[in-house]
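Single chain ahead, by itself, as structure tokens, in the form predicted alone.
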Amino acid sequence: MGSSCGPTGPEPGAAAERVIYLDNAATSWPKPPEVLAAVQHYLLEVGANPGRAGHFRAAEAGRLVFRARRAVADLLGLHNPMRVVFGANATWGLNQAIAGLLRDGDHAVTTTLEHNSVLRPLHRLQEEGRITLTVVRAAGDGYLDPDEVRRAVQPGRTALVAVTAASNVCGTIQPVAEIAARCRTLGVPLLVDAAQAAGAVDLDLARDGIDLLAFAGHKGLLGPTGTGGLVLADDFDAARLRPLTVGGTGSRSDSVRQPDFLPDVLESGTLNVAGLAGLAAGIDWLHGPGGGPEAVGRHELGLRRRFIDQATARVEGFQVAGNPAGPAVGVVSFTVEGLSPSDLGQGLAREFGVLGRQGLHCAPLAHETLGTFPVGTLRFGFGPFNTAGQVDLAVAALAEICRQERP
């Protein structure tokens, strides 16, 4: 899969032909046709609740859920698929890890590159006086220094280090394995936010030394919205996590106590079975027509570099947030001198059908680090179905908008 064209994907319908969708960092689109077929199959032909009955349709629903667990486990180097816990999104997974692990008096470490899904749970616990928090400042190019993270750890007090695998603002891929090695030496669990990285970066919990990993099903894994969760390493003590929610699990129904085994202990209520069927199909597509996460990542990075090179040459005052050339996923945030990101984004969408996202992208400290706070940036997120031709059209549209807006 090269940067000149995307892999074989859905035939564009009328709506697709009108837009150049570059908002994959928020939610990937279009989805592979296999995802649509899997969702439809569940809704039309299965429909039952997994684990809540003994009939054959409930059993088939359970099989679909297990297939999704196995797909996520295989993707992330996990031996036991029952340590994949499903929730509505990566935000749920991050909250489950943070609130479930930290106790009163604990100390936690995070960084200025994090999404609010990490920052807000930690800051709330800090404001309530329950924990203390150290926020490690990343460099202005958007990368973390593993030794800075290590120096922030307080031996005997730090109970969690939380870092992103790839910035949702500037796309920079972080040295997760190096950070994990330092955390392991110090005996501190590492939580990784893989919302932007899963599906485009080769992640392996055992190889990389990651203890907990939150993932989004609707971004790089190409599944429907409402899918995601938390993955626990095979050697992580699951008993350390208190469940965010308790309730019906379909197991141990003779007791008013929450089951004490995975995934049930952390997974109460009816799952999004239709979404999980689609998620499994999306991961299958990644390994099949997509060529694997590394191939998808190369394709998206190629589009990112093509856009940066062309926009730098053609758009006066174009400035990339973070490192334009270092290791990254297919996410780029940029500004144009003298023009607001909001005006640029709205103009591109309205006049040319080029869809990105403007603003602070739920990561205010990242923008402070990158020097783009409080105005923010315009962000493009390239996906597996974007093409070099679309990038060229987006650059031409950006150049035209800037020409129109300037005197």
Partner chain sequence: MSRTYVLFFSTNHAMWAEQVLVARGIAAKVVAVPRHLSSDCGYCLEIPATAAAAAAAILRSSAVEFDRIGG
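Positions refer to the first chain, counted from 1. These numbers were taken from a predicted model, which means no experiment stands behind them.
Another form, the form predicted in complex with the partner chain, is not on view; read the next lines as being about it.
Legend entry - Complete contact of A26, W92 and S117 with the partner chain in the predicted complex (any heavy atom, 4.5 Å): No, because A26, W92 and S117 lack any heavy atom that approaches the partner chain to within 4.5 Å in the predicted complex.
Legend entry - Contact label in the predicted complex: P175 to the partner chain, heavy atom within 4.5 Å: Judged by the heavy-atom cut-off of 4.5 Å, P175 is well away from the partner chain in the predicted complex.
Legend entry - Contact test in the predicted complex: A58 vs the partner chain, heavy atoms, 4.5 Å: Flag for A58 set to yes.
Inset, instruction - Examine P81 and determine whether its closest non-hydrogen atom to the partner chain in the predicted complex is within 4.5 angstroms. - result: Because a heavy atom of P81 falls inside 4.5 Å of the partner chain in the predicted complex, the answer is yes.
Inset, instruction - Tell me, yes or no, whether S253 is in contact with the partner chain in the predicted complex, where a contact means a heavy atom of each within 4.5 Å. - result: Residue-level check for S253: yes, a contact with the partner chain.
Inset, instruction - May I ask you to choose, among L262, A181, A295, V135, the residue with a heavy atom within 4.5 Å of the partner chain in the predicted complex? - result: When the partner chain is considered in the predicted complex, the option within 4.5 Å is L262.
Inset, instruction - Just give me the single entry in P30, G347, G62, P341 that has a non-hydrogen atom within 4.5 angstroms of the partner chain in the predicted complex. - result: Partner contact (heavy atom, 4.5 Å) among the options: G62.
Legend entry - One stretch from 333-341, 263-271, 221-229, 162-170 that, in the predicted complex, holds residues within 4.5 Å of the partner chain by heavy atom: Result of the contact check: 263-271.
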